[in-house]
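A lone chain, given as structure tokens: the form predicted on its own.
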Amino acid sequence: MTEMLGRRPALTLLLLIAVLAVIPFVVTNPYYLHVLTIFLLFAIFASGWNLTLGILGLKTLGHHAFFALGAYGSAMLSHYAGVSPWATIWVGAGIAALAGLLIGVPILRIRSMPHVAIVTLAFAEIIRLVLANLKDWTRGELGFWGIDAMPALNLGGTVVEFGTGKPFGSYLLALAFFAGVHALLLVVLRGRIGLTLVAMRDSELAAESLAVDLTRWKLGVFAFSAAIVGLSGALYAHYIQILTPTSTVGPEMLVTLLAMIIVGGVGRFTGPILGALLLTVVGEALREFGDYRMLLYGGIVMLFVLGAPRGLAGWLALIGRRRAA
């Protein structure tokens, strides 16, 4: 558990949130706040995916499908039905969780991890094709635009606005959800649930011998993970305010988020956060290289994987242990 959560996970998370809360009052450049907002949303996505990929040990490659379902579900309900995004983001998370349950019932009985990876990847491709072909509703690859931003809030006489062009409010909103999701994950992982997940990852036979219902636990965690990813997708939709199937459930999204988890540290609580921060900033810095961007991005990821195979979180933990010794 110490390897997964770190030595003082609650204090680490609290200090991280405190530092992030100061940033919008110090950094005034809208572009920098935009990049950091994307980092916060991707960190939620990566942490939700890491729950199954790293902590439970299920090698799924289709979680970007839940991101797209949450994004399109919330955006379309808000746009066509006129429901407030404050409500539709939870509906988007619910749609993703329901999809997780439906796809989880058949695939989580498969014991072969390569087959689980292939099936979940195929599921994501099906979602992409469906979204691309429902042009009357999603407008396909032309882009679903005109998505409502999150309604403004009046906080003590100060009106805080959200959405594209409103970096200050959007950053604080993303930070609030980032803090809430990671606090919830920490509470879950520090208790009996976390111990059960680690036991299942280390030895399913041993966990099953202790009366752990593997299928039920896997299905519940898979749906919970999908809900977190769907929530990040819904927040992303109402921040960016335009969606395309390729940008939400395409191969670039898969590679980007998977790289964040691997570089940060698979199965570690702070790993996806560190990976999301590093690769979001690096990805934005490489945009000026045009067509060579993904090539350079891949090269940087390879260097980190070779130099720090346990991820940034594992590397920092190793440095801490050496200093303590």
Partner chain sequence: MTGAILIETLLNGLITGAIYALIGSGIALIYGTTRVLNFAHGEAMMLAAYAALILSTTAGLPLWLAALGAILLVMAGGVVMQRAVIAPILAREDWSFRIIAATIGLSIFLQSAAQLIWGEGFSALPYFFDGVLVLGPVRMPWQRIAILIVALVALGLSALLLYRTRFGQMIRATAQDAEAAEAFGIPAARVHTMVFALSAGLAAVGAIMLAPLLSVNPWMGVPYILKAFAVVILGGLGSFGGAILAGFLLGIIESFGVTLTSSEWRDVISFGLLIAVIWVRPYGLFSTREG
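Positions refer to the first chain, counted from 1. As the structure is a prediction and not an experimental result, all values here were calculated from the model.
Separately, the form predicted in complex with the partner chain exists; it is not shown, and the next lines address it.
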4.5 Å heavy atom contact with the partner chain in the predicted bound form for all of His115, Ile262 and Leu306: yes
What is the one choice in Phe178, Tyr239, Phe144, Phe123 with a heavy atom within 4.5 Å of the partner chain in the predicted bound form? Phe123
Of Ile103, Ala97, Leu185, Leu173, which one comes within 4.5 Å of the partner chain in the predicted bound form, counting heavy atoms only? Ile103
Val130, heavy atom within 4.5 angstroms of the partner chain in the predicted bound form: yes
May I ask you to state whether His34 is within 4.5 Å of the partner chain in the predicted bound form, using heavy atom distances? no
Is it the case that Ala43, even though its partner is missing from this view, gets within 4.5 Å of the partner chain in the predicted bound form, heavy atoms only? no
Taking heavy atoms and a 4.5 Å cut-off, does Arg109 contact the partner chain in the predicted bound form? yes
Based on heavy atom distances of 4.5 Å or less, which listed stretch (85-93, 163-171, 241-249, 130-138) is in contact with the partner chain in the predicted bound form? 130-138
Contact set, 292-315 vs the partner chain in the predicted bound form - heavy atom within 4.5 angstroms: Tyr292, Met294, Leu295, Gly298, Gly299, Val301, Met302, Val305, Leu306, Pro309
